[in-house]
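Take a look at this single chain in structure tokens; it is the form predicted on its own.
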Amino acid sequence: MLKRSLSLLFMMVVISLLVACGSDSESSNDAADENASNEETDNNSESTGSGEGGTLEIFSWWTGAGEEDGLLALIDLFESKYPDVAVENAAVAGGAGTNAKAVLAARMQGNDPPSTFQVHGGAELNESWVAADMMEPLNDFYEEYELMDKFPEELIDLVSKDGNIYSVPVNIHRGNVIFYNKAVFEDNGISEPTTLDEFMDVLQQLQDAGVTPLAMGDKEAWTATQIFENLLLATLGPDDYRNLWTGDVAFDDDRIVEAAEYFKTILGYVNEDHASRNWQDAAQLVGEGEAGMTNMGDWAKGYFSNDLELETNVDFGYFAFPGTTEDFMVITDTFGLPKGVEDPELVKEFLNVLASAEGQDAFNPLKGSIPARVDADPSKYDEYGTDTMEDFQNSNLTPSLAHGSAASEGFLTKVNQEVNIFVTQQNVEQFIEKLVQAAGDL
């Protein structure tokens, strides 16, 4: 018990420092051409409801436009199947998810878990809640509803620990995307780069044209960490990128030094006011043509479409981060079954709706993400969505460091701090030394 309490106390302190994924709390997401409806229900999600009532509390940080719409569509779908169940939307706003995570940690420590809660697949799930023995395994649930072949094996691995599965992915975001202003590229005769060297050339071309080459908003440190993680993927490749988190590749590897050198070069091409901007502010520079590109997860696509009212592949385009064209940096929101909830079977009914193709197609077009299932209906998604769905099924899947999937929150907190320092000082040798020291928390 002492070990568990100390683990939770440490986790709460870390969460209070961590600036979490901006994709899920502050983003505006894709507007759907059609809202969620009771269209084709797959065999696994058909139900007339238990008729026994009960209360289901769904805890998340989805309070912004688009993401809240997606959550409400999912709740509406569940309520249509279980009209006797009272659903409580317990979303907590603010802090890019940090506020919600702090509230969740306090509740879990106080033995007051919500029925189910949003958590990123990977280390955020496994090294926090699973390691603290606070989640029920869902192996039987996956077997009962025949889900093992509905999600990519690599994705199931991301929500598993020691042979057990602990959560259900509802969506997929991609972190290794460059969005760019189509007119700026066309006016200057610039083609989409596919390699890091080509990317460096494009940065210089844009600067020569009097345009800020790369918009960055690192008011919250994770945005710069996201650029660095994509450079790690580009220089290491997917296998050794994953090997970083198991200790099989050291952080003073020459290729990591190379990634840091590229990072330093890139920082010479970003907007001078980057430290006072968030990711939306940076994306706005691209939308308005003041900057050529920005590296952001695909929640930025929703911001371009909804908030800035820009047209996909007309006003803005997109390509995989150079050097990672065959890779997919995965950020996935998942929900599981906490230990100690009053009605585990009711929670499983919600997880079943969330896992179904119908549920994922109700949620994701509004959220701006793509479904985690491989058999979702592409006709419900726009051109960006269908392109991303194809890439998801045909690329090497790698877990995002910046968004809590690749490594522990303690390690991520230290990396964010060191990236912040590096952005200012740009001392490669010192940066590598600090990463090696931080790796002790892996």
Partner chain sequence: MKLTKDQLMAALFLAPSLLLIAIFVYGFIGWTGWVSVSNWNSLMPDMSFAGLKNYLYLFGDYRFQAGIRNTIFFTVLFILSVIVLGLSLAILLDQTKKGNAVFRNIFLFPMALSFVVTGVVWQWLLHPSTGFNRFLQVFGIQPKWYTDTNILAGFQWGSIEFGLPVAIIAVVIAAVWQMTGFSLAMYVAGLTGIDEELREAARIDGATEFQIYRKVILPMLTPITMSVIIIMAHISLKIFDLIYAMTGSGANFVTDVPGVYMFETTFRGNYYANGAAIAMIMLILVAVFIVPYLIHSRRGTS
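Residue numbers count along the first chain shown, from 1. Keep in mind that this is a model prediction, so the values were computed, not measured.
The form predicted together with its partner chain exists for this protein as well; it is not shown, and the discussion that follows is about that form.
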Fill in: Met200 within 4.5 Å of its partner chain in the model of the complex, heavy atoms
no
Worksheet item: Does its partner chain get within 4.5 angstroms of any non-hydrogen atom of Ser395 in the model of the complex?
Response: no
Worksheet item: Does at least one non-hydrogen atom of Glu409 fall within 4.5 angstroms of its partner chain in the model of the complex?
Response: yes
Item to complete: Give a yes/no on whether Ser128 approaches its partner chain to within 4.5 Å in the model of the complex, heavy atoms considered.
Response: yes
Item to complete: May I ask whether Thr98, Met108 and Ser276 all come within 4.5 angstroms of its partner chain in the model of the complex, judged by heavy atoms?
Response: yes
Worksheet item: Picking from 72-80, 191-199, 239-247, 266-274, which part of the chain touches its partner chain in the model of the complex when contact means heavy atoms within 4.5 Å?
Response: 266-274
Discussion item. Only one of Val341, Val257, Ala102, Ala209 gets a heavy atom within 4.5 Å of its partner chain in the model of the complex. Which one?
Written reply: Ala102
Response to the item:
Residue within 4.5 Å of its partner chain in the model of the complex by heavy atom, from Ala132, Leu310, Val184, Leu155, is Ala132
Practice prompt. Quick one: name the residues from 409-431 with any non-hydrogen atom within 4.5 angstroms of its partner chain in the model of the complex.
Written response: Glu409, Gly410, Phe411, Thr413, Lys414, Gln417, Asn420, Ile421, Thr424, Gln425
